[in-house]
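Next comes just one chain, in structure tokens: the form predicted on its own.
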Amino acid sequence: MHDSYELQQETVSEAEAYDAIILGAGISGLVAASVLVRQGNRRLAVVDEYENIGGNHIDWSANGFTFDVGSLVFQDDSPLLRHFPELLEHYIHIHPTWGRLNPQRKVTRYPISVADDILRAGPLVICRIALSVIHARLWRGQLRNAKDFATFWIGSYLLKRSGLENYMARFYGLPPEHIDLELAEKRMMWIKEHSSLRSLLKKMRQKKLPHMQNKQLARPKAGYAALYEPARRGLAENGVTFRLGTQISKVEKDEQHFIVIPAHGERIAAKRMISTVPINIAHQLCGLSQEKPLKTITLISLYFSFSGDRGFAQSILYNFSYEAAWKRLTIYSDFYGRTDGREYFAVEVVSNDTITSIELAEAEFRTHVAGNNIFTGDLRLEGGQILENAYPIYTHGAPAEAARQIERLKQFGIESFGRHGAFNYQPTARVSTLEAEWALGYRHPEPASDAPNRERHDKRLELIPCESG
């Protein structure tokens, strides 16, 4: 026992000391570093296995094209910019539009079109939708999952006809009847808010999406490295050391310190550790066992260039059809301009039992778009990437199990938060920033005028996931 204690003390003395160590250099990790600096910490270390900061905000470039893993839209009133105002000048101002490919092979309004999904369907379909909603409201049983939640508000018939049920399965990685109710109530309240008679009548009269007062932004054409470099420099000037491309072998702890032992390089130690990495990984690094490892999405990104008739005008298109595993595509050339006369876009595909590779995902996507008369012309695959741990899968009981495992990390002394660290779906950088501030007890004064704007915007983008956050 005495020898073990002396060995630990020797290990600590050999390690470079910091006030705190932050695992993960994504949005949550960067905001955590900013908050800790503001709270008086002078020596911080941010450790990430990636060579870049920004976490899963990853870009890929070739042949003059730059693509992203996932798809993300920022806003100029985001609280992220309160921490890193130097980023604002590097974003570009964009005017994104959203659409969806519905089961009737029509590109229409996202997420639901009253005109196409209801009014133009004819009297018989309208009656079936109405009867389905009445049945769901009158014969309501206990709501147990996301499908029950959606069915109660829009009825089983419209849920199926609109393709929302299919999209939910694609996005969450499992059928909606297996999606935890807690998540549905937390992140799908727009279904409830838009299913009232007043809301439906308002939508019928509304020809365009509501105007957003905040500006929509995207990363610079050069990529995320160019966007986040000013934030890295600013943090570094305030005592933050970035240890990127660092594969951690394990995390040890004595009575006072955490010791990060990398596969290669120097050890570091601190009395405080914050984790924004996946809970499974944090447990493995600390040598903590898990009876039920938490499941996460593996995201396949396909990068295409195209010349011809793409068949729709929107810059972001969701797949609500009954077929294919791809869930969303983003036309980057709408934001950055064409390259050599070619449009270019990225497609997000959730890996499943049958679609496990870039090659399989590409073949299925080509077959599906051809059958729906979109991307008619020269469609060329420029590349692709596979990202594990893209975002959590919310099976029954997963939030409660995640809470137990976060508590176990807390008992070990680690503060775990963020999309991965709290197993909490965060649709925007705004949400990630606010939740990181809250977790660290930081209350930044927010103008009262921002609150309603933030609420309106987040509801609009609730199904526009921040896979790369």
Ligand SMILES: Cc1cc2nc3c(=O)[nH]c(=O)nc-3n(C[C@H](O)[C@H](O)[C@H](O)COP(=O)(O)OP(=O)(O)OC[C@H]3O[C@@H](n4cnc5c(N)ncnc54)[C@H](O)[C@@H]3O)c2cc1C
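The shown structure was predicted, so the numbers you read here are calculated from the model rather than taken from an experiment. Note that residue numbering follows the sequence shown and begins at 1.
One more form of this protein should be noted, the form predicted in complex with the named molecule, which is absent from this view; the next part is about it.
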{"item": "Any non-hydrogen atom of V47 within 4.5 angstroms of the named molecule in the model of the complex", "value": "yes"}
{"item": "Close approach of L434 to the named molecule in the model of the complex, 4.5 Å, heavy atom", "value": "no"}
{"item": "Distance check, F74 to the named molecule in the model of the complex, heavy atom within 4.5 Å", "value": "yes"}
{"item": "The named molecule contact at A32 in the model of the complex, heavy atom, 4.5 Å", "value": "no"}
{"item": "Proximity to the named molecule in the model of the complex (heavy atom, within 4.5 Å), stretch among 414 to 422, 34 to 42, 401 to 409, 59 to 67", "value": "414 to 422"}
{"item": "Contact residue in the model of the complex, from R328, R310, R161, H283 (heavy atom within 4.5 Å of the named molecule)", "value": "R328"}
{"item": "In the model of the complex, residues of 247 to 284 near the named molecule [heavy atom within 4.5 Å]", "value": "I248, T276, V277, P278, I281"}
